[in-house]
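Taking the form predicted on its own, here's one chain by itself in structure tokens.
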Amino acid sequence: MKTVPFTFDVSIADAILSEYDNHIERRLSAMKGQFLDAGAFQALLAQDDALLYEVYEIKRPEIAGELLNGLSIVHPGKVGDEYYMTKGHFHTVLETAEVYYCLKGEGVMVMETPEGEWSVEPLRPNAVLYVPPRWAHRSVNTSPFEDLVTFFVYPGNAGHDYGTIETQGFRKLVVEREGAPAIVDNPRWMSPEQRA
């Protein structure tokens, strides 16, 4: 890990960083329970444990004052009518934000707070998305043929809370309806009052 200033390149065409310390691959099997159509999930998994998304990270100390960054690539595809997506997470330190810069592809960022507020924002080339503190977030690739590629930056001490999302998913789902993306309610989602 470098302790001096450094420069790196982002190849948009190849969707890769010129240098990185960590490469994460999330396959379909790692997303069990995240897609609404369990039957479609099992049928796809029986055929192939498809690669849904990848993350390339430049590791930094996970402490306040550092900025962790990297590249996220969500591949095209669907489980039933639901588009491929990242697992999604809150930050362990809720009061930390994140910035995404979309380099390639089309999609949306699905977001919500612990209190149940929600937002879905578009991701398209050259769009910069600011995810405020307290907002869980998940990238969804709505293109039928192209990767969704974003560059991200967040505080070194933010951490990742995947467990909350694994329990019930997000309040909203992004599905294909009549050949186009649509935002629908997640029937499994419960309000904080319902969970209490």
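When you see a residue number, it is the position in the sequence shown, counting from 1. These numbers come from a predicted model, not from an experiment.
One more form of this protein exists, namely the form predicted in complex with a small molecule; it is left out here, but the text below deals with it.
Q: Can you tell me which of 141-149, 58-66, 41-49, 160-168 lies within 4.5 Å of the small molecule in the predicted complex, counting heavy atoms only?
A: Stretch with heavy atoms near the partner: 160-168.
Q: Which of these residues, Glu112, Glu82, Glu98, Glu106, gets a heavy atom within 4.5 Å of the small molecule in the predicted complex?
A: None of the other options qualify; the answer is Glu98.
Q: I'd like to know whether Arg26 contacts the small molecule in the predicted complex, with contact meaning heavy atoms within 4.5 angstroms.
A: Answer yes; at least one heavy atom of Arg26 falls within 4.5 Å of the small molecule in the predicted complex.
Q: Is Tyr154 a contact residue for the small molecule in the predicted complex, using a 4.5 Å heavy atom cut-off?
A: Judged by the heavy-atom cut-off of 4.5 Å, Tyr154 is in contact with the small molecule in the predicted complex.
Q: Give a yes/no on whether Arg124 approaches the small molecule to within 4.5 Å in the predicted complex, heavy atoms considered.
A: Result no; Arg124 lies far from the small molecule in the predicted complex.
Q: So, His75 and the small molecule: in the predicted complex, are they within 4.5 Å at any heavy atom pair?
A: No, no contact at 4.5 Å.
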